[in-house]
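What follows is a single chain, given as structure tokens, in the form predicted on its own.
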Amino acid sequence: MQHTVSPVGIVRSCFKEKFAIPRQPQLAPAARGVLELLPPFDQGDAVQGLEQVSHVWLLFLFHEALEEKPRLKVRPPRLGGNKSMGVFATRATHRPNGIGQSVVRLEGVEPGRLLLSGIDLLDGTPVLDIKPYVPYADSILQATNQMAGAAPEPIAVQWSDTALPQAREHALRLGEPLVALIEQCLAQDPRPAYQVPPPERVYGVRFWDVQVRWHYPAIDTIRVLEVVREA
């Protein structure tokens, strides 16, 4: 049976590319975004009462990872990227219908849009539904997951003498917690788990309208080299 769904809104996110997005929500509380609601949900009635909620579930579409042929097994990054696992045992982006879910903090409700933080969503992500987080039903204290029982250990993030002032300057210009965002995202170590890059290899990613570049002077350390505005 075929079923067609339409997005209720589009996320405008600090993440402009997939690389370095946290692999789960809430790992980078400084990650901000706005969910712009689409007609007819932009009139206000659809979100009435949502101001009483601190967090919401977003059901969304992995719009840059859609595939025609379903995958039965995937290689989740949490297991090093070299071990196969059944797709339904993981939260990999390669979903049978391209559907993802994230619980995010609701910072504010405005006409036609929701202000969010702690997101793990790429800019332009279509949202299919919004549901309020219900603490007594959604938090199960006895729940277990032997593959991902706890958040990954963060690695150290250092700054060059020029990069930190650059980041602070852009944070003031943007009115966003850019320094915290960089530290929280890079501490999750965005490189593929099977890679051990040489110290001279430089990585880069775009947050908001700035390009962040870093390298690994040691296996367990990131050093931010520069934070520059995109031309």
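Just so you know, these numbers come straight off a predicted model, no measurement behind them. Numbers for residues come from their place in the sequence shown, where the first is 1.
If you look for the form predicted together with a small molecule, you will not find it shown, but the lines that follow are about it.
- In the predicted bound form, the small molecule lies within 4.5 Å of some heavy atom of Gln101.
- Taking the partner from elsewhere, Arg75 is found to have every heavy atom lying beyond 4.5 Å of the small molecule in the predicted bound form.
- Taking non-hydrogen atoms only, Gln211 never approaches the small molecule to within 4.5 angstroms in the predicted bound form.
- At least one heavy atom of Arg91 is located within 4.5 Å of the small molecule in the predicted bound form.
- When you look in the predicted bound form, the only residue of Glu64, Glu169, Glu67, Glu36 with a non-hydrogen atom within 4.5 Å of the small molecule is Glu64.
- Contact with the small molecule, judged by heavy atoms within 4.5 Å in the predicted bound form, is confined among 157-165, 130-138, 143-151, 93-101 to 93-101.
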